[in-house]
Structure formats: C-alpha cells, structure tokens
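Single chain ahead, by itself, as structure tokens, in the form predicted alone.
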Amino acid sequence: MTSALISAIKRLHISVVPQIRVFSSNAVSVSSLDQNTLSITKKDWAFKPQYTKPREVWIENIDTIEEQKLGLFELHPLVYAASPRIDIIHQNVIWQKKIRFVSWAHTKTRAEVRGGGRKPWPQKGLGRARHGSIRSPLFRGGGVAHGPRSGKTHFFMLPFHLRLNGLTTTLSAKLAQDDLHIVKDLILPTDNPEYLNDLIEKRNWGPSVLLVDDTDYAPRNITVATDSIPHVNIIPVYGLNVFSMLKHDTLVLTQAAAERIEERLLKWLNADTRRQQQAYKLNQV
C-alpha cells in the first residue's frame, strides 16, 4: 500500500516551487540549497529565537477596500508567540484602572461638623456618661470616625517585568485569535469616514479597531476619517498598553510599528537589570 502511494505521488511530477518573500527593513536573504527547498527571506534579529519558529503574517493594504496581500512578514516568537498568561493580563488591567482612579467620597470628622460648642451636660451629678460634645461620633449627626476622605488615590506601580510580559502575552493572544493585522502604512486615498467603515466591514475587523503607528504624526486622511468614528482610535507605539488592546476587538499595526515593538521589547526581555533593581531590594544581612 505504501509503495503504491509513493509511485502515485511520483507520477504527479510536481515542479512548482512557491516563492515567499518577507518584507523588512533589515532583512537578510537566505538562498535555497536545491529546488525542493523553500526560499524564504529571514529577518536578522539582534536576539534570535532559540526554541520556537518565527510567526509569519501577511502584510495587507488599506488604500483599497478589497484586501491585497503585499507579502509575508516575520514576527519574533518571544514577542508575538508568548505563553498565554491570563493572570498577568488581569494584573495589568487592574493596575491601569487603579492608577488613574481617584475616590472623591468624603465624610466630615468631629472637628468639621457644625455645632457642639458646649458640653452637653455636666461632668458629674446626673448619673449619665461623660461627654464633651454632641458632635462626637457616638452622637447622631456627629462626625464620622475613620471615614473616606476625598482625593484618595489608589496609585501603585506594577513591577517592570509584569508590565513587559503583559504586553507580550496580550500581543500573542491577539495574534492567536486572528485579531492582529499588519498593514504597510496608514495612508488612505480619501478622508471620508464611510470608506473606513466599509473597509472595516469588508475585512471583518470587528466593531472596534485600534490603529498603531511608529510615530505620533498620523496621515491627514486617516485622522480626519477616524475623528467622527468613536470605535476607531489611533495611538503611537509608545502609548501601546494592555487595556487599550483588550478594549478594542482588532489590533492593526503598521509594518514600522511592529518592528519598533519587537526592537523595544526584545531589548528589555534580554537586558540585565540587576543593577537597577538592587536599589529597591531589602538588605537581609
């Protein structure tokens, strides 16, 4: 049975070898050894992956509503194929919510409520308990002991490695769920919001889209088009965060932004920060 299957495959005479190209600003071409070897352009990373293969995604266009594949793009597995850590994502969301939350609930103490200038009854002689003011927390209408005071912040700083891994695991989750797309640039042929709505609907990008570019100077057409669409937002690379990625259904990165994210995250994932952390460690001697 096996020999018959092998002979049937040989009679097909398959001679077409697919050619795949990876678009990158710092790419190194690797020549194929023979005709049966697939020719793929590899990216030259500063920190090459050791145990996992790079993830390949299509580069799309946005200058036409119909989707066009412009080429393949390699993503580093340490950034876009990290292990899913729901606990780290949850800690990042809680941190982002509390870091900007200020509680304005306010209660008055016994020194701030009105009245209570005199002693309610004599210290001795009546057989009653000793009190100095009717504005004590023991009295109705008095002050509140240990109540909430306005302007209370819930600020705390999440450890650096948790913030770093929060970005990698969220990017990996978006890519695994097919909610991450790479586009060549953010240049639109028109500033009409209907064009952008049709493009999102045609490509099934979901009800909300987050566009990320490597600079904070976005093209005019896309800024005007997204100005009247509340569910489509643009942020630069340095503003990328876990909460915004989870808030939007689809994450769209430009090719330059994807390379910039890889460069920054790989730098700190492989950096030696023991000297910087030494000042914050307790001396146990």
Partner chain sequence: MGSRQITEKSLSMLRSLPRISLQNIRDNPNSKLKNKRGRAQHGGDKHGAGNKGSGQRQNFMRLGYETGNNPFYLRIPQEHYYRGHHLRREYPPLTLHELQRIIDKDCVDTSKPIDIASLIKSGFYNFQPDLKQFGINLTDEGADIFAAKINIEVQWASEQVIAAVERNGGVITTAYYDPHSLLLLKNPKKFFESGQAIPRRMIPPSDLIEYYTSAKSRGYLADPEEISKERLKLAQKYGYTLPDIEKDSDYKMMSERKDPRQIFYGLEPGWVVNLKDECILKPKDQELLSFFNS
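The structure presented is a predicted model; accordingly, all values stated were derived computationally and were not measured. Residue numbers count along the first chain shown, from 1.
The same protein also exists as the form predicted in complex with its partner chain; that form is not shown, yet it is the one meant from here on.
- Using a 4.5 angstroms heavy atom cutoff to its partner chain in the model of the complex, all of R55, Q177 and D249 count as contacting.
- Across the options 108 to 116, 74 to 82, 194 to 202, 121 to 129, residues that bring heavy atoms within 4.5 Å of its partner chain in the model of the complex belong to 74 to 82.
- Although the partner is absent from this view, A173 contacts its partner chain in the model of the complex, with a non-hydrogen atom inside 4.5 angstroms.
- When its partner chain is considered in the model of the complex, H90 lines it closely, a heavy atom lying within 4.5 Å.
- Although the partner is absent here, A145 sits far enough away that none of its heavy atoms falls within 4.5 Å of its partner chain in the model of the complex.
- In the model of the complex, its partner chain sits within 4.5 Å of a heavy atom belonging to I86.
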